[in-house]
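Listed next as structure tokens is one chain, alone, in the form predicted alone.
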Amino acid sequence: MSALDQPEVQAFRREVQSFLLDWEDLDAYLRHGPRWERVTDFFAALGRRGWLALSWPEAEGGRAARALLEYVLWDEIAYARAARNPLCTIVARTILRAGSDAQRSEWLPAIRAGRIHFALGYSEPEAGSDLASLRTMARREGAFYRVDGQKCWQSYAGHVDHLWLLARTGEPGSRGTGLSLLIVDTDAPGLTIRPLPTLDGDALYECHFEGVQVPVTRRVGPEHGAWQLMAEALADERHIQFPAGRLRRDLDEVQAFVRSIGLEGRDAVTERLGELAVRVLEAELLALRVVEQMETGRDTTVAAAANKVFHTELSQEIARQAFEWGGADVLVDGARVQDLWRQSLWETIGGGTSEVMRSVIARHGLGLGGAR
């Protein structure tokens, strides 16, 4: 019996599927922004069921559930095209691990209930994948930090309540040893947020900080101690970041497109769809490997990087195949397969480029480049 066939897991999957019937119209996995108000309603509904804190300790209001159940939750949500997991779950992990008693009391109940939302203020124009080189400065001035600098390509920043800001509190050349995490209100004086329209009809955002004051009490974890905290929080989230349900739905929609243009049953098309179906199963196995390693306490660095590369590149491969078959029919504005193609283009960039993920695999998995 596979892990997914266990009675507990199957029962939970059916519970999630039943819940999602009320959200069939949401369809915000590919485009959160235009449907953000409805997305926040969805997150609040998840919060009422305790599913935003599924694996949190019971002492913090969670259910202390195993990682596999959390994977199943977001796998089904991805297949339903409802929404991606909220970024506040990454924030919550760090507050659980390194927040003060006051911070846990202030932030965790609201995150658990789906009442507040965060964007990740990490990337900058000159520091995309190399976050250790970021330049946004947070200078300590008494009980506040004064923040100056620029962030860009932030998902949802124009909609959310707070930025989870990675800023330099050390000397300019301190790289990863001089970074701190701050919670910044998106309506703070001196903070300007502008949209950066994307090819898929959604938007990322750029954030400009000019003398933004952030209370020292909004720093989570030790000063200059953000690097390790970020790594730990991201490791906690790797099993839900790239669920295979999204790929299964992509392939189902391409198959529906094939039927609509009269190509169903052609030998070459049937063979290629079969190949893609096998690759989707491979993606699911890679995702479950991450889950299994998490549940047994092993390091997921290499498995998660491999899963990310495979998952995001396969999403592009599936969408591109529809273009090869459909020609001009794919170019119709609003066509579902066009949406797939437009959105998939940035998948291999967001969350770490494929090049960076392959370097992680080379260093940590293959022992290349002098590090293991």
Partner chain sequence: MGDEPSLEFDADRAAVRDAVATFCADRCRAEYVRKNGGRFDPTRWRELAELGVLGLGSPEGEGGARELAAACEALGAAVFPGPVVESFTAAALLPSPQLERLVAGDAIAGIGAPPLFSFAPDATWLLALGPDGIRPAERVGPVEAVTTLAGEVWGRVEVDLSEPHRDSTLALANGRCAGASYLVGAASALTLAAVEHARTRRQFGRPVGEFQGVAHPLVTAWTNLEAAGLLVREAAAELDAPGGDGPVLAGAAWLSARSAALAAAAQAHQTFGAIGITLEGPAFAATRRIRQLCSLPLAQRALGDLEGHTRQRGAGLRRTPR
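Positions refer to the first chain, counted from 1. Please read all numbers here as calculations on a predicted model, not as lab measurements.
We do not show the form predicted together with its partner chain, though everything after this point is about it.
**Asked** Pick from 201-209, 148-156, 291-299, 83-91: which stretch has non-hydrogen atoms within 4.5 Å of its partner chain in the predicted complex?
**Response** Residues of 291-299 come within 4.5 Å of the partner.
**Item:** Triplet Glu76, Ala277 and Gly369 all within 4.5 Å of its partner chain in the predicted complex via a heavy atom
**Value:** Yes: each residue has a heavy atom within 4.5 Å of the partner.
**Ala65: touches its partner chain in the predicted complex, heavy atom cutoff 4.5 angstroms** = Result no; Ala65 lies far from its partner chain in the predicted complex.
**Asked** Should Arg248 be counted as a contact of its partner chain in the predicted complex, where contact means heavy atoms within 4.5 Å?
**Response** It does: once its partner chain is placed as it appears in the predicted complex, Arg248 has a heavy atom within 4.5 Å of it.
**Prompt:** So in the predicted complex, does Thr270 come within 4.5 Å of its partner chain, heavy atom to heavy atom?
**Reply:** Close contact exists here: in the predicted complex, Thr270 approaches its partner chain to within 4.5 Å, heavy atoms only.
**Request:** Spell out, yes or no, whether the shortest heavy atom distance between Glu282 and its partner chain in the predicted complex is within 4.5 Å.
**Result:** Glu282: contacts its partner chain in the predicted complex.
**Request:** Sort through Glu106, Asp130, Glu223, Glu264 and report the residue having a heavy atom within 4.5 Å of its partner chain in the predicted complex.
**Result:** It is Glu264 that has a heavy atom within 4.5 Å of the partner.
**Prompt:** Out of Asp185, Glu232, Asp252, Glu126, which one falls within 4.5 Å of its partner chain in the predicted complex, going by heavy atoms?
**Reply:** It is Asp252.
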